[in-house]
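First, one chain by itself in C-alpha cells, the form predicted on its own.
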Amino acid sequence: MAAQEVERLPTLTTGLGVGNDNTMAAEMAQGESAASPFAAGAKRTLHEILAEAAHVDPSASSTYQLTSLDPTPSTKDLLKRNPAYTPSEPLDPNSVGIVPKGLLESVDADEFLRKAAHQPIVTFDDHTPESWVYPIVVLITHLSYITLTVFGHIRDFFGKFLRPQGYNHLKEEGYAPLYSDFESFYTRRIYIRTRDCFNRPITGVAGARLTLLERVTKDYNKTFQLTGRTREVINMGSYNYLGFAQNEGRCADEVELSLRAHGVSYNSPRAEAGTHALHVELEKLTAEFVGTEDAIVCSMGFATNSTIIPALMGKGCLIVSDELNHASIINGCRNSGSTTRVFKHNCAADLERVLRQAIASGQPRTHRPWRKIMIIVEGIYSMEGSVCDLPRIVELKKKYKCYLYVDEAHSIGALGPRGRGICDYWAVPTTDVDILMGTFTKSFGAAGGYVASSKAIIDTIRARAHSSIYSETMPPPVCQQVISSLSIIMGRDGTNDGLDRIKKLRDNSMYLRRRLVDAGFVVYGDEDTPVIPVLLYNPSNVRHIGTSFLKRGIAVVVVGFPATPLVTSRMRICISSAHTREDLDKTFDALIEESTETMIRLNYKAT
C-alpha cells in the first residue's frame, strides 16, 4: 500500500492557514477564523488534515507514514480517542508510524492538534551527531566535578598545615559547626570559582536594559569592591515578562499619586489595622481577572506558598507534589506537617500511580483514610520552561476526588490569549482548580502574591494563614502598581496595550527559542513560554558564559548544581515584551560565537 510522507507539526499548521507564527496559540489569541480547523463548523478528521498537509487526495491512500510528525501518534493513542473503531485487519496497538486511514478518519483533528501543539517536540535532523556524543558530554561533566572535588581536597589537606588561619572560621572551640562538611567544601572549592557570576548589584530600572554597578575582586572572588563605574547592559535575566517594570507611563504616574495620597506603609498586619481600600480593590480585581469568587493578597511571593499551604493542610493530610516544584512549595509542605509524596515531573501517569498507591495504603502505620489529598503543581516551571499538563491533571483530580493547587507565579500574565494564566492557556474552567496561587513580581512589575479560590476557602485562609495574621501588609505603592497593570491587561484603560504586550511576549519567546533550536542548542521547555533554559552542562561553561556575555553587554542568569541536577547546568533566558528583535538577535549571536569554545551546540532539537 502506498504511504505518504507528512511534514512535522509546525509545517503542518502553516499549511492549515493558522498564521505566520505557526502556532495554535496564535490562532486562539487572534480569534478563530474561517480558515482555521478550530473555527465553528470547520470540524475535520485527522485524516483530512494530514492529507491536506501532504498535498494528496484523501482517498488515494489507505495508510499514512507519520515518521516525521512529532509527537508521532501510536495506534494505541489513536484508539484511546475512538475506542469504537473496528479495524478491517488486526492491528498492533504499539505500532508507531504506519497508521490506518480508517483510524485517522475516526479521530477529531481539533482535539489532537490542539494538544499536540503544546507538547515538547524532540527531533533529530540529518546533521545530528552520533548517539555516543551525549554520553560523552555527560561523562566529561562528571569528570569536571570529580576533578574540582579531588583538587579541592588536596588544597584543603595542605592548606590546613601551611595556612591554618584560613580555616579558623570552620570551627570554633566549644561550638558545633554551622555548616555540614560537604556544604562548606562545596562553597569554598567549587562555588567560589563562579561567584563573580552571581549577586551582581544593579541600579536604576530593571527593564529591557539595566544599569550594572561594576565590581572587581582581588582575592579570587572571596570579596568584591565597587569601582564607582556603571554600565548599561541588555537585561535577559529579570522576570519582567510584560514590560511593566518602568519609571514612566501610566503605572508609574498612578503609583506616584498613590504614594502621595497613602504614604509608604500601613505598619500593621492585615488581621489588625493593615487592611486598606487599596487591598480590597486589588483582591476584587484579582479575583475577577483570574475568574474566581474571591482572592487574598500577600506582601511576599515566597511567603504566599510557605504560609498558605500550612493553613490548608495538616497532620493526616497528603500532598502529592511535582518533583520540580519551587522551594516555597517545598517549604510550605514541610511546615504543614502533612505527608508529602512526589511524582515525576509533569507525568500524569506517575501522578496517578502515586495517588492509587497512597489511597490504597492510607496513612502511615494506622492505614486510616487520608483527611485530605491535595495535588500541587506549577503553571510554568521556572527552571524548565515547561507548562503543566493541566487537562490531564484535572481529570485525575476529579477521578480521585483530590484538591488541586496550582502555582501560577510564572504563568499568570504570561500564558493564554488574554494573559490569564494556565487555565486560559488550556481553556480549562477555573472552577476545576481549587486554589490558584500567583505572584505579582513577574508579569506585573510589582511584589507580593495572591491566592484565588472560592469565598469559603479564602475566608479560611484569612483566619489561619500566618501571612495574613503576622506579616506586614502590602505597601500602597505596590498595590497601586498591580491595580494599574491589571487594568491595562484587562483593557480598562481603553487601549489594546495589554493584549499587545501579551502578543509581543509570545512572539519574542517563540522567535528566540526557534532560532536557538534550529542552531542546535539543547533548549528545555514548551515553545510559547518566556522561560528559555539553554543547557551548558560543564561547570566551567557556567562561569564562561556568565562573564563573556557581560563583556558583550548582556546580563544573563546562569545556574548550576545544586540548583539544577549535576549534569544540566544551564543559562536561563527570560523574555520580555519590552525586548526588541535587536536584543534577541544580539543574545543569539553571542551564544553562537561562544558555543565554539563551550561545545554546547549538539544539533539536538528540544522545543
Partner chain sequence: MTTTSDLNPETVALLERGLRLAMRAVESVPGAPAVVNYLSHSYHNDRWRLFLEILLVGILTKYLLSKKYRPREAPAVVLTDREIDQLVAEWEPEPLPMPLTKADNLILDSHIVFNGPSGKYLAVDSKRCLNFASLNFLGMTDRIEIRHEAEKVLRDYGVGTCGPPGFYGTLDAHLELETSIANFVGKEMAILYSYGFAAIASCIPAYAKKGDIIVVDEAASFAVQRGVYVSRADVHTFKHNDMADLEAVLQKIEKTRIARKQPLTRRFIVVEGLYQNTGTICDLVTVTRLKTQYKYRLVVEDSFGFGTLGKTGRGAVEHTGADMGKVDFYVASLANSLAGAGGFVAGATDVIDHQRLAGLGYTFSASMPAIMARASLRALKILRDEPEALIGRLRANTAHFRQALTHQLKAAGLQDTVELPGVVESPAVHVRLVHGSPLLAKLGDDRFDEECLLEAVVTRARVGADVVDPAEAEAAEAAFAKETAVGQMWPSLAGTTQEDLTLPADAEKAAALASATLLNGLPHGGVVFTRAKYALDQELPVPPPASIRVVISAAHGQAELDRAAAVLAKSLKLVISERFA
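Small disclaimer: the values here were computed from a predicted structure and weren't measured. Positions refer to the first chain, counted from 1.
This protein has a second form, the form predicted in complex with the partner chain, left out of what is shown; the following refers to that one.
- At a distance of at most 4.5 angstroms from the partner chain in the predicted bound form, none of the three residues 354, 503 and 515 contributes a non-hydrogen atom.
- 300 is the sole member of 300, 208, 510, 486 with a non-hydrogen atom lying within 4.5 angstroms of the partner chain in the predicted bound form.
- Checking 289, 537, 403, 426 against the partner chain in the predicted bound form, a heavy atom within 4.5 Å turns up for just one residue: 403.
- Interface residue remark: residue 326 is counted as part of the site for the partner chain in the predicted bound form, having a heavy atom within 4.5 Å.
- At the 4.5 Å threshold, heavy atoms of residue 149 stay clear of the partner chain in the predicted bound form, well away from it.
- A residue is said to contact a partner when one of its heavy atoms sits within 4.5 Å of a partner heavy atom; residue 141 fails this definition for the partner chain in the predicted bound form, lying far away.
- Of the heavy atoms in residue 134, none are within 4.5 Å of the partner chain in the predicted bound form.
- With the partner chain omitted here, the record of contacts in the predicted bound form names 443 to 451 of 520 to 528, 443 to 451, 493 to 501, 156 to 164, defined by a heavy atom within 4.5 Å.
- Of the residues in 366 to 380, those that come within 4.5 Å of the partner chain in the predicted bound form through at least one heavy atom are, in sequence order, 369, 370, 371, 372, 373, 374.
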